[in-house]
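As a starting point, one isolated chain is supplied in structure tokens, in the form predicted alone.
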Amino acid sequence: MRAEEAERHISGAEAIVPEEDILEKAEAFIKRALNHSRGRPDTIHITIEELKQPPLYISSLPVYTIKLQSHADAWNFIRKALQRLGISVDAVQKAEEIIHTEQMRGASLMTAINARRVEPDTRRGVRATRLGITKEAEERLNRILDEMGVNITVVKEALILASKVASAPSVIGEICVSDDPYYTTGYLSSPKVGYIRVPMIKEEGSLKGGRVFFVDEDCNPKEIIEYLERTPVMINRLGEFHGEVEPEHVIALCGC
């Protein structure tokens, strides 16, 4: 589902579901589009596509939530963690600029050392699509997130997406800030550590947001994009949930 107002992005969602669940899921997506905090759309696109290949099954990333006191603390943590993952200062700075200034429908694909944009269309970016979660894993995940007291839909969908991105070839890490003006928790993720929720990543009311995928210098962009955009992937088992942790604990994990 993709919803727009005067060609401005309002909301989007995606799922891999059995045929018998299509109507229920489409209805849920339409209701979501009509009641989004970014405003009421004038156009809602629903696309239903039959998969031509069976999905790959993966585990979701381990989940952490960082204890933070301020917006400044959030970005200090992000910079330190990304650099411990092997991402250069230049790449981190350029990623911040993209998130704070550009309005892209997809994500930037950036090399971790030289900060080169390697996606073919820098206005469109790269989109992670054809992703989902099995019913059994989703039911368990919903229970866990409910116990954590977080926004189940937002965190669930972000975890599914981040887990697929982390499983892609040559991906080192990801940083994401939602464009929802009232959702101020973003995330940093990596195959090395997991999915790290970062509260206060932006000021409430801001419409700015974005996503950057950091990749190896010698990566094959076509291979990465083919995996992210065309290969169906579903989560059928869950990683560990670690609750709230101090920033230093995760920064240490990034460097191990």
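Each residue number is its position in the shown sequence, starting from 1. Keep in mind that this is a model prediction, so the values were computed, not measured.
Note that the form predicted in complex with a small molecule isn't included here; everything after this is about it.
Visitor: Within 4.5 Å of the small molecule in the model of the complex, counting heavy atoms only, one of 186-194, 214-222, 45-53, 66-74 shows up; tell me which.
Guide: Stretch 186-194 is the one.
Visitor: With the cut-off set at 4.5 Å between non-hydrogen atoms, does L141 touch the small molecule in the model of the complex?
Guide: Heavy-atom contact with the small molecule at 4.5 Å: absent for L141.
Visitor: Answer yes if any heavy atom of C176 is within 4.5 Å of a heavy atom of the small molecule in the model of the complex; otherwise answer no.
Guide: Yes, C176 lies within 4.5 Å of the small molecule in the model of the complex.
Visitor: Is V155 near the small molecule? Define near as a heavy atom within 4.5 Å, in the model of the complex.
Guide: The answer is yes: V155 has a heavy atom within 4.5 Å of the small molecule.
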